[in-house]
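Below are two forms of the same protein chain, given as structure tokens: structure 1, then structure 2.
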Structure 1
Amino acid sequence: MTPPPAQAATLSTRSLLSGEGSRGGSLPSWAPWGAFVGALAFCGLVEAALGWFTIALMVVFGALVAILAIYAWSRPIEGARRAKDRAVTMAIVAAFGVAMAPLVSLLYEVLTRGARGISWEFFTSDARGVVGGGGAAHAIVGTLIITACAVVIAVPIGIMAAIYMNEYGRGPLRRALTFFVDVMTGIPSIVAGLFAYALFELFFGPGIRMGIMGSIALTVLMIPIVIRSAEEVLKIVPNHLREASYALGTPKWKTIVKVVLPTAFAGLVTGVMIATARIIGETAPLLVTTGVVDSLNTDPFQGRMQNLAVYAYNEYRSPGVMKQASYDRAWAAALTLIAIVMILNVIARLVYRRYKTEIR
């Protein structure tokens, strides 16, 4: 039975879009994986025969060979259109894999090396009076205190600046503020540390080291990130919500407090968490401002205060007599920092799911 002309045209269009063309064959479902594994094996054998085998080169060249192989395999069976689709899909997947490879390698390296330094003593004791041992409790507590002080200072300033730029700012002043925020986003972290040190040196003299100095340095790095993320979140709040509030006679400041901020709350929390994760691992500004100490200090306004980033750096730079133990503690500190950042991101995701507002 011959199909109607319209249906025949539809079938022809579907055939062209699916890439079948004049060929009705199809590769098996395992074809992409088979091409990739075969390409890896081929490249590995060639590199081994040439005598310069490395996993990185095998993966890179294997991805290129796999793209060519899947195209050559699909072209005579499925047609040119479908073969191009498979080749482009393979290229995209390969690019994603190449982009993820450094991250996976980093996580694997930190997990395998850091696990050797993780112990109960690492989390519960400091290194005061201990030769070639001790824990990192003072660094963990110092990291949390320094970061918390930076968040307390930076978040109100950043959010209020974002509110001004999005809700009130107009003309040359707003453009100047936007320009300076962009400039601050790109400053090197050591510059922030030198700024904080110079500021406190004016009042307390040279050689001053305090935890709050590190918080000020991190605040300089955190404020532009908070401003930018908060400004973008505030921009997506629909104007009709503001207009409805104004129509009821609500003043602008109360509209911002009661309507705009609650609507953007989940996005603001996410931006703050991203900014916190950005600064929590900074080393250079804290080396200049907080110094190095082996004992626990919970007062950011009195004396030096250790943190995990500087602790890892110092353990690796000056390992002492028991070098391997110091290296293990440095990797354990890096693993602890990654764990803290992951916990912050999980908290941000939970807050976003709990308080997100459907904007229509």
Structure 2
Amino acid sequence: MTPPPAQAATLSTRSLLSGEGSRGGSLPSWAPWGAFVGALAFCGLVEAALGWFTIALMVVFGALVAILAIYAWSRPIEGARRAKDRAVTMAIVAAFGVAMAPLVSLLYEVLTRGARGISWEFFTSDARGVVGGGGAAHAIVGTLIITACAVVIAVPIGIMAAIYMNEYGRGPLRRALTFFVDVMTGIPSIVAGLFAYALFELFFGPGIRMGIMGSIALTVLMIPIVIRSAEEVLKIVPNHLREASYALGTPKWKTIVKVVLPTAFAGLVTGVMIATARIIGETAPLLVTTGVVDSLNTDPFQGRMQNLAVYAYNEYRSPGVMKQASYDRAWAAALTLIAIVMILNVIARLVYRRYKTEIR
């Protein structure tokens, strides 16, 4: 990211011409840290003096003071532009810290609380014939099957539709698609579930419950997310890549498959992961479509199928007398969900990395 030597000359010439920039001096390398720690200590003392002291306040005000401090420190030594750069950098780092804090807390809570409910039994047995307890194998398998079916339906359709919108589409169909994809992002999840139920009720009569119904409901929720994120990454594939490919006489479909999609692959994976995560934790639509059952069922086309999100929600909502054990199971189910998502993510990335090195 540092400018190459040949351009360094331009830099200094321009700086001289404009009369701005470096005044020669620069802050020591520990300056940002020093400013931050100093500001933190200062705010801590002031708050303690005022009697407002809390860690959260100290950190928030500390960050604000640090931004001002580094600007005030750098400005007389390094000039206005460098000072501004430092202040903004500090602000971005602080914002990063603020943003990460709750997320780290969330992961920590899920890990520690979930670990209590995790046991060998949790993964290997279902809850059939067990009063207040048992494992969650039926829910884990159900989640995997229901989600996999939804992904298999939604991802190809979604990505092809995004390709259509970005590479082929013109005229009313494209406009309609853009419009309706926007509409689709606004479908409340329970409505998607009711829709899937109504659809299957037409064919199979009332009371029908199947794993695949849940997948259809989730597909409705997943497709717009896949399309929106895929469209975004396809849009930023540089046009000169396409042009180069066409210039070699490559047909359009081959250009898309061999040039556009590989370039956008990382982004597509991210989009699919976001979409998968969104649906893998859905509770409401599955409650009305796949039902609740204690036994393992591996056939998505017949019978009820339990899944982790509904399992966690039920354990939280109807804990019975042994409340804590039930809550532990809810957290364990949450932890398992994260683990599943994480494993999928890692697999996707490994595929991507292997692939990426090969096209270079």
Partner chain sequence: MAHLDTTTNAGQLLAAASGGRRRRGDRIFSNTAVIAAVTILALLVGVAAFLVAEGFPALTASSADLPNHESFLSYVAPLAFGTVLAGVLAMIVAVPLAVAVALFITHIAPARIAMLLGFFVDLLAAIPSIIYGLWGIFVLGPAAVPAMKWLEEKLGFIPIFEGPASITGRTMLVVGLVLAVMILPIISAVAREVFSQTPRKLQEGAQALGATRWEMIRTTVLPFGRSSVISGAMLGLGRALGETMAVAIILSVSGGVTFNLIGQANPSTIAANIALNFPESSGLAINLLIATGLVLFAITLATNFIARMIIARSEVQ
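Every value quoted in this text rests on a predicted model; they were computed, and no experiment measured them. Numbering runs along the sequence of structure 1, starting at 1. We call the rigid core the largest set of C-alpha positions that still match within 1.5 Å between the two forms.
Asker: Mark the structure, either 1 or 2, that is the form predicted on its own.
Answerer: It is structure 1; that copy is the form predicted on its own.
Asker: Indicate whether Arg82 shows a C-alpha shift of 2 Å or more between structures 1 and 2, with the rigid core used for the fit.
Answerer: Shift at Arg82: 2 Å or more after core fit.
Asker: Is the shift of Ala247 between structures 1 and 2 large enough to count as movement, that is, does its C-alpha move by 2 Å or more after the core is superposed?
Answerer: No, its C-alpha moves less than 2 Å.
Asker: Kindly check if the Cα atom of Phe301 is displaced 2 angstroms or more between structures 1 and 2 relative to the superposed rigid core.
Answerer: Not so; Phe301 is displaced by less than 2 Å.
Asker: Taking the rigid core as the frame of reference, how far in Å is the Cα of Ser318 displaced between structures 1 and 2?
Answerer: Its C-alpha position differs by 3.1 Å.
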